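Here you get one chain, nothing else, as structure tokens; it is the form predicted on its own.
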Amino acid sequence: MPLLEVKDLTIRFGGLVAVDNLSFTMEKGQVVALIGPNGAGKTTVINLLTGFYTPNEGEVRLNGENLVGMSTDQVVEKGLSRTFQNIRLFSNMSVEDNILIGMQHRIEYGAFLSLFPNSKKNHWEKEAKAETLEILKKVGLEDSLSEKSTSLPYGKQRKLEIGRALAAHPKILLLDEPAAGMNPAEKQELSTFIRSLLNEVDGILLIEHDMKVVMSISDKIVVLNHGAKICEGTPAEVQNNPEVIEAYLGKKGGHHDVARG
């Protein structure tokens, strides 16, 4: 059984078919990249997987369980956690508090008990703070615990957002353009970091425009164009596929151009 199975996924907005009969799978331990030209439907797919949109047709199965129809909170509880194309941190909160927010759905006491000091609340908060420190160590931000999130350099803000997603204990981490806005050195470091996250999660689904990043870290690539899948395969298979080259360049070209983005 695949870790993730997307089957015949379709969504229409009025007369526009934004995602058209999309199917692909992810196995445990894989980094799968979802790529395509601007407007290909990539972020719409992430919104479908995470319950932000409900498809007109199709299934999204995590370890065999269909997630379609679940709320975004329920999808997180089942094991899908995401970051966003535009960083969405709580700007007036500390680095530590941004991670703690990622754990809110796991709180083990009710709203009433949260109003008063009690042993259950105190125990959970102690455990949560200890786990937060461990997550910050994994993303290299343990020395920034008390800093405001917006005081961090851009690359570290990206890592903080990933850390917050990890706090939800996901099976699959969904990363929406994590390398956006980074310089070449930061992108190289990010690529190594993303592969290391397979020690924390069962799989990673990545949307990314930088083809050097995609080719260096992906086990499988799924290519969309106008909402439909045009290719699925290894990096070598994808960068040599004529349909992929044409979708990116608008003409027949060499794979070297596609690999360079």
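Numbers for residues come from their place in the sequence shown, where the first is 1. Just so it is clear, the model here is predicted, and its values are computed rather than measured.
The protein also exists as the form predicted in complex with a small molecule; that form is not presented, and the subsequent description refers to it.
Though the partner is left out of this view, Pro37 does reach within 4.5 Å of the small molecule in the predicted bound form, counting heavy atoms only. At a distance threshold of 4.5 angstroms between non-hydrogen atoms, Gly203 is out of contact with the small molecule in the predicted bound form. Using a 4.5 angstroms limit between non-hydrogen atoms, Val244 is distant from the small molecule in the predicted bound form. For the chain shown alone, Tyr53 is a contact residue for the small molecule in the predicted bound form, at least one non-hydrogen atom being within 4.5 angstroms. Here the chain stands by itself, but in the predicted bound form one stretch of 22-30, 40-48, 57-65, 192-200, 40-48, has heavy atoms within 4.5 Å of the small molecule.
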